[in-house]
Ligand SMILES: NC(=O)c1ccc[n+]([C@@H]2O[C@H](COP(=O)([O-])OP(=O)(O)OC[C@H]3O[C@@H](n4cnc5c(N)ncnc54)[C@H](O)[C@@H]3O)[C@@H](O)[C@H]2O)c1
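Shown below, as structure tokens, is a lone chain in the form predicted alone; questions about how it binds or moves come after it.
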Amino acid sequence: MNPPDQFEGTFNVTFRHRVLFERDAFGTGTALANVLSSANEAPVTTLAVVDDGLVQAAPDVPRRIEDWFGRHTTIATLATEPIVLPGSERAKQGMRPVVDPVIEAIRQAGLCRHSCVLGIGGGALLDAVGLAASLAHRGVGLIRIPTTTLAQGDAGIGVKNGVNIPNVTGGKNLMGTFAVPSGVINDPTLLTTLDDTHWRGGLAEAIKVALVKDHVLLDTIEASADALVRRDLDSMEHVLKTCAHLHLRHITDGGDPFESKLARPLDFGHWVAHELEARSDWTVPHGEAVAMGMSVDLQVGKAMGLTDADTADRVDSLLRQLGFLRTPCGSVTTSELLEGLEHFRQHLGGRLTICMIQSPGSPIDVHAVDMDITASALDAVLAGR
């Protein structure tokens, strides 16, 4: 048989993406055992990587992890004692803080593609740990246990991993991969370790998902706003569970899990947020930046006649009630933030496409915005108005 000069084939790969909510995951919970049991042949050699911010707030976490594995030796074994690495945006400043040490630990422990990396922490740490796991051996198994409201409702649910290129404009998440974790386990009890800024951080992403996907979720957040400010755990769990479910459905049913298209509805408010985070030298937390970014886009949409005025004013009021739109932005200027539009276009690899909101649950893609209106909206947000 002589093969032709040109030939091709196609193949499909099925991914299973699971999110499990369970309190006391390292105590009486069974979710981790279930995910590990279905991941590979038991016992699964596992490397646990823990966010140092979590350990500072709850010093007993590494011991609780070791105790859990000690009780489940037929299911999994720890390759080493839990590794504690930098969390927050420190984790994502290049490869050195987290990616390099995790890959080296994988090498030293002899982990293979049938092993597992267990990432426990906020979204930034999970992004970096996920990148390391996806690079080692072209993909070691990964389980995420998000420990912040941002990660439990949004960052930990996605299938993206990445780190920034430090000191490079537009370097946010410039190095990364797509990889579906074996499972995501959300333990709401871990949220009690958060300060108020990080407690409310995930609510910005929940409002974003509500505006893009489901007006009922926005109603829920409004109705429970006072309880959320009081740090009522049941109210927060309900919001995060709904947000995570909508996010997962977008990934599995939306037709673009690896973001090959220009439309990025779940990036609503993020062109401002990413630029603001970088320009502030990461002093503005992600949730605060997303809230500001949404405020800008809603006011721009309102002025351009794209967004219902009641929707823009309603969300602005809700953000302020929850404690957003108050964070100082240092010396960041409007002209600097406007550069985020071009960086976002470059990130998309083509035509600028920004998600705007007509009304809750009714997004619309636009390919250009009025620059004078956008500059005025940025001025107002930076001034705290």
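The numbering used is simple: start at 1 and walk along the sequence shown. The structure displayed is predicted, hence computed values, not measured ones.
The same protein also has a form predicted together with the ligand, omitted here; what follows describes it.
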Only one of 300-308, 171-179, 74-82, 238-246 sits within 4.5 Å of the ligand in the predicted bound form by heavy atom distance, namely 171-179
In the predicted bound form, is there a heavy atom of the ligand that lies within 4.5 Å of any heavy atom of Gly323, even though the partner is absent here? no
Considering only heavy atoms, tell me if Gly53 and the ligand come within 4.5 Å of each other in the predicted bound form. yes
So, in the predicted bound form, is His250 in contact with the ligand at a 4.5 angstroms heavy atom limit? no
Decide whether Leu125 counts as a contact residue for the ligand in the predicted bound form under a heavy atom distance cut-off of 4.5 Å. yes
Candidate from Leu218, Leu190, Val284, Leu135 lying within 4.5 Å of the ligand in the predicted bound form - any heavy atom: Leu190
Name the single residue among Ala312, Ala278, Leu194, Leu111 that comes within 4.5 Å of the ligand in the predicted bound form, judging by heavy atoms. Leu194
Counting only heavy atoms, which residues in 137-152 are within 4.5 Å of the ligand in the predicted bound form? Thr147, Thr148, Leu150, Ala151
